[in-house]
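Below: one protein chain in two forms, given as structure tokens, structure 1 then structure 2.
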Structure 1
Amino acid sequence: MNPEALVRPELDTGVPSGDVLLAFAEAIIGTDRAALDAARTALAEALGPAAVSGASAVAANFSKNDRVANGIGIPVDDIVFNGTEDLREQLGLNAYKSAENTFRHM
């Protein structure tokens, strides 16, 4: 998988039907209902209707986790933080406001 596609969705994810999944992920938490309906149809056609439930569950789960993480102000665990310097820089993650919850402990 190409992680850069997660922040630059015009890039290839390297995953089958990755473009369809990126479009669905963006639409499910976006404000354009017509775009969501189109993305749901495209996902069902590409990977089957059960995949719509799965992708919705994953998007819902991380909508939860992002709020728990930012709301409680947790830092990234050392086991993940150490060794991901280049990836964080490449993806621009250090510029996120929530990065402060990790960097304030350094």
Structure 2
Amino acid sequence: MNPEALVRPELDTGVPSGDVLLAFAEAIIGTDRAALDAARTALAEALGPAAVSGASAVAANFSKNDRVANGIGIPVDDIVFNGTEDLREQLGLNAYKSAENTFRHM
């Protein structure tokens, strides 16, 4: 997998139908219902109908876990924080507003 493709959509993800999955991920957090419907259809056509349910469940679970962790202030373990320094830099994750929560505990 190419993690940089997560922030640079012109790159290949290295995952089968990764472009379709990324389009779905973008649509699921947006407000455009037509774009979401189109993304669901494209995902079902590319990977089968079960992929829509699976991708939706993954997105919902991630959002839930992230919100809970941010809400109660769970700090990132040192081993994870230090082991992801290059990846966070590559993807620009340190610039996200929610990164303040992580840095406050480190």
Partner chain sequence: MPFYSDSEIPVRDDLAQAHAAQFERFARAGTWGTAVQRLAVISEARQAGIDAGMLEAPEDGGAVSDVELPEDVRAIIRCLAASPRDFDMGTYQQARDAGLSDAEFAELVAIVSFIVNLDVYARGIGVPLRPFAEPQPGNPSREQPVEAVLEQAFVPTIPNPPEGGAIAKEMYGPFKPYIMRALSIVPDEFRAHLELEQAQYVLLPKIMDFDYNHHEGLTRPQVEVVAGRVSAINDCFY
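For residue numbers, the reference is structure 1: its sequence is counted from 1. Here, rigid core means the biggest group of C-alpha atoms that superpose within 1.5 Å across both forms. Not measured: the values here are computed from a predicted model.
- Matching the description of the form predicted together with its partner chain is structure 1; structure 2 comes from elsewhere.
- Core-superposed comparison between structure 1 and structure 2: the C-alpha position of Leu11 differs by no less than 2 Å.
- Taking the core as reference, the Cα of Ser98 moves 2.6 angstrom between structure 1 and structure 2.
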